[in-house]
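Take a look at this single chain, the form predicted alone, given in structure tokens.
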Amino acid sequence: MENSTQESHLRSDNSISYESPYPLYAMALSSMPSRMNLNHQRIALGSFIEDYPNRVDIISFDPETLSIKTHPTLSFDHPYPPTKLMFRPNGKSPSSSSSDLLASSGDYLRLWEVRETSIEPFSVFNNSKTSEFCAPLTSFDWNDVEPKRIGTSSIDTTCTIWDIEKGVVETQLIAHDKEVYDIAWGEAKVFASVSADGSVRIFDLRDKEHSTIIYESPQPDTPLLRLAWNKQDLRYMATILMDSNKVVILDIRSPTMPVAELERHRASVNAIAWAPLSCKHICSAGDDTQALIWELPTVAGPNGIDPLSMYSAGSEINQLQWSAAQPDWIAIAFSNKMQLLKV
């Protein structure tokens, strides 16, 4: 369906599009403005090419002029498609104040230094001491309370916590019985993960022997693919199940029973993101080409919850990010396009 015939609850002047030369998957929004133009926000976009050579491009967005700028010098080769990209939270950089740091996962966790006109590899984190082969990383999360910490999740059932300043592993845990698909920090020493074993588990680095199972798929061994922890209210997290149109909202104080299930998507949900400044709002996007914004009520009614607003994209939406630096904007990726939506 062409953009001109899209049915949308957002006017066209409230969205802006960028077309990439290749299919897109990973995406990150910087929390640090460009030094040369303080109202510009950097956006990193990772290609999804089923081959070893892939690309990451960094573009910038000006919300005042609603324009997107490309930067040919801020583009680099990446081994395999990055499974996730993330800029350093809070924009604090250990090396120099004029540069930003970007992390990527794929074969390894990598850090890249983003300068005004160039990108330099900063470090590669490899915990495999013996083999030349590595277990691919499915995701990672950068701890915004203690930004020296990044946790990665892997298909080898483990989560690894790195101290990126020292370049050493703080701890590695066998987190699940099957592949771990996502990881999210709640506090400085507390993280959660989801897995192909169908469980959400919370871990505390001060007590590594134990974990708390917060939720398990109703159908045994239905994989959980993504996890988002509500940074404005840490009691709540959200997860999505493989091949499911549901977003499951969990309250860690009452494990096993979801507090809400958002079921208005008409196909599988692929991505979820909590609002950066509101504890009640979450956005979800999926194969039905819809991005839906939800407001969670204090008590869900008998007929479920309807979305607050919706947006239709040109094809299945694979990725979604809600900008912390520009909280009025949500970024979605579908096919070879990235679109910014004003909320």
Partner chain sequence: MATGVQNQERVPVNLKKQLVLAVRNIQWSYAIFWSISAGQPGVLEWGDGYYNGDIKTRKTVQAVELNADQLGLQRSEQLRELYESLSAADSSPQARRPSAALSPEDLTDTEWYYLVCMSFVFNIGQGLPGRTLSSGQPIWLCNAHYAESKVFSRSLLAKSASIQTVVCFPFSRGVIELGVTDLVSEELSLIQFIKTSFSDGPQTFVSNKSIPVAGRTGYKKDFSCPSLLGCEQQEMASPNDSSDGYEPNQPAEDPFMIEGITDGVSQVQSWQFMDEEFSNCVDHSLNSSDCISQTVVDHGNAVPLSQGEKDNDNELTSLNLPSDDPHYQTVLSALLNSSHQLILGPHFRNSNQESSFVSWKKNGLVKSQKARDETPQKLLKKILFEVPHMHDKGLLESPEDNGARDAAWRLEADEIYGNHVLSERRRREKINELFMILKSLVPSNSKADKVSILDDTIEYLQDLGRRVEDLESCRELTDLEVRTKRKRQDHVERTSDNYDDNKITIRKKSSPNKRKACDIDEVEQEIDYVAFKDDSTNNVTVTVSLNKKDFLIEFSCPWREGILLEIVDALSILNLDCQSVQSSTTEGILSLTIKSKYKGSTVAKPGTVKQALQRVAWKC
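Positions refer to the first chain, counted from 1. As the structure is a prediction and not an experimental result, all values here were calculated from the model.
Beyond the structure shown, there is the form predicted in complex with the partner chain, which is absent from this document and is the topic of what follows.
K.L.:
Can you check 113 to 121, 159 to 167, 68 to 76, 217 to 225 and let me know which stretch has heavy atoms within 4.5 Å of the partner chain in the model of the complex?
P.N.:
Result for this chain: 217 to 225.
K.L.:
Looking at the partner-bound form in the model of the complex, is Ala44 within 4.5 Å of the partner chain by any heavy atom?
P.N.:
Outside the cut-off, so no.
K.L.:
Determine whether any heavy atom of His40 comes within 4.5 Å of a heavy atom of the partner chain in the model of the complex, and answer yes or no.
P.N.:
Close contact is absent here: in the model of the complex, His40 is far from the partner chain, nothing within 4.5 Å, heavy atoms only.
K.L.:
Is Leu29 part of the interface with the partner chain in the model of the complex - any heavy atom within 4.5 Å?
P.N.:
Contact with the partner chain, no.
K.L.:
Any chance Ser128 has a heavy atom within 4.5 Å of the partner chain in the model of the complex?
P.N.:
Ser128: no contact with the partner chain in the model of the complex.
K.L.:
Select from 289 to 310 the residues with a non-hydrogen atom within 4.5 Å of the partner chain in the model of the complex and write them out in sequence order.
P.N.:
Stretch hits, in order: Thr289, Gln290, Ala291, Leu292, Ile293, Glu295, Thr298, Val299, Ala300, Gly301, Pro302, Asp306, Pro307, Leu308, Ser309, Met310.
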